[in-house]
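First, one chain by itself in structure tokens, the form predicted alone.
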């Protein structure tokens, strides 16, 4: 039991502690007041940098980043935005009379690393022969599009397709409408059905579209068209992204449907930290997903632009390096410098990847919404494309072989060949996907010939045009090409061939097919801002000037002449 005599001592001790604490508080308060006053007095003599909304010091919350506009050349340079051309049947008869072709511009690189080519694209209304070719090419898609899904077969009657070939179908549909072969109700019916099917596709391991789908069921299949999944192709998806951006920009009412597709996709494994493109495959023993770098010079940079159009940063994929050149008929032909024995991927040089860049994107940077058609703002791409054209014309002039080389399907085994300008150390090398040499499959590719005719207005491309403009079956579409050694037509019909032919004919009428985006905010950039989905799936912010891919130039590299 405690002693009651100790109680007054405890009370006195408590009062002392309280008085001490109050004194300390008063002292601290006085010191803080003096320090604050001194700080204010000192800062009044400092230079203050105010934070401006949208400026360098503005740490804008992620919730608001999607509302920032994508920055383009017209915004930075104060140049007029390119205007979407009218449909061909809505153009005035004098539409092409005052078309600026930049004929007096000096050839070569500009100080911004843009490129002015000595050649100009062919522009004007389609004549009757060209319209007939366009109608027949479109007939392929009328014949081989599946009613149930809206997907088109990649090759004739075979009910299978890839994202690459589906993009070719989108391209064909846009061209058919803009060339007035079909009207808006059919355009809408086809695209809305296709986009709805794409939104419901079962993705490869919940990431991205499988490499192959059955066109009647829209189910994932393997290369034998049997149920299953085999991975995704980063290159195929890059092409698809280009055409989804084209239809979103041209037809804004499709924007929400397009965005809804992409907002189901998970991009975390397709673009690496350094900006390279990756594809996926399955390890047959462990069933694990393996991600491999995908793409070589030509296709890699083309696909990179597809990702950049949606705000991704495929920095290294867009660069030509590492590249070498082979001197063929006096032209320094660029090819990928990565050794196929080490990297296990061939460096085929073909025409198609350069054609698609020129027809669809105008050899321009993706942020360029204001330069004229004759100026190639992605300078080295435009210059390399001229080399790819020149070497084929030079071969014809020196050997007599008409040359328009690209990969193409063939009837029967091996079913597909890479008909190259250069590969495996050899010029004019025609090989199977397995690497077997098959010179009898060398051909004048219809899509390459007409694409070159559209982009290079020359006497040589007039000869190519005459070779293929009536190379069709009036009930099935344009043939794949003409065999170089005189065996006749390549008697097979594909979505890619007919789609690119329609694209080339549309380019003659309208020029660069990608048109600028006309809206402000996009659902693609604003969706899921209040969740962590954007970070998990690596969805980007609207690109600003600092995010632009660099415009580059390249010098000629001399190698042994072939």
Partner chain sequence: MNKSVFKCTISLIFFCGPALAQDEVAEFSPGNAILDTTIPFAADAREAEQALRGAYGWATFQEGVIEGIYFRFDPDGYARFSTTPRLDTDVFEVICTPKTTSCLGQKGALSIQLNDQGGLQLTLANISSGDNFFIVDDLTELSLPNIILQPLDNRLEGLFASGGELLVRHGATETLRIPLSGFSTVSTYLRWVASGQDDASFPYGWPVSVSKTVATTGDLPTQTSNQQPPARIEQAIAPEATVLSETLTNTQRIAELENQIAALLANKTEISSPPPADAEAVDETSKATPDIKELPAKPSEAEILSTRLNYLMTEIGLDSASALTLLQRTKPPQAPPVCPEVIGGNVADTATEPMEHLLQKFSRTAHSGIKTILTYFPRKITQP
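Residue numbers count along the first chain shown, from 1. These figures come from a predicted structure and were not determined experimentally.
The discussion below concerns the form predicted together with the partner chain, not included here.
Engineer: Examine residue 409 and determine whether its closest non-hydrogen atom to the partner chain in the model of the complex is within 4.5 angstroms.
Structural biologist: Although the partner chain is absent here, residue 409 would touch it in the model of the complex, with heavy atoms inside 4.5 Å.
Engineer: If we define contact as a non-hydrogen atom of the residue within 4.5 angstroms of the partner, is residue 223 a contact of the partner chain in the model of the complex?
Structural biologist: Although the partner chain is absent here, residue 223 would touch it in the model of the complex, with heavy atoms inside 4.5 Å.
Engineer: Looking in the model of the complex, any heavy atom of residue 483 within 4.5 Å of the partner chain?
Structural biologist: Judged by the heavy-atom cut-off of 4.5 Å, residue 483 is in contact with the partner chain in the model of the complex.
Engineer: Although the partner chain is absent from this view, report whether residue 167 comes within 4.5 Å of it in the model of the complex, heavy atoms only.
Structural biologist: The answer is no: residue 167 has no heavy atom within 4.5 Å of the partner chain.
Engineer: Just one of 412 to 420, 103 to 111, 328 to 336, 179 to 187 has residues with a heavy atom within 4.5 Å of the partner chain in the model of the complex, so point it out.
Structural biologist: The contacting stretch is 412 to 420.
Engineer: Considering non-hydrogen atoms and a 4.5 Å limit, which listed residue (313, 281, 319, 387) is close to the partner chain in the model of the complex?
Structural biologist: Filtering the options by heavy-atom distance leaves 281.
Engineer: Considering non-hydrogen atoms and a 4.5 Å limit, which listed residue (456, 141, 472, 299) is close to the partner chain in the model of the complex?
Structural biologist: Only one option qualifies, and that one is 299.
Engineer: Candidate spot 245, 255 and 265, all three in 4.5 Å heavy atom range of the partner chain in the model of the complex?
Structural biologist: The answer is no; none of 245, 255 and 265 reaches the partner chain.
Engineer: Just give me the residues of 429 to 457, first to last, that have a heavy atom within 4.5 Å of the partner chain in the model of the complex.
Structural biologist: Read in sequence order, the residues that approach the partner chain (within 4.5 Å, in the model of the complex) are 429, 433, 434, 435, 436, 437, 438, 440, 441.
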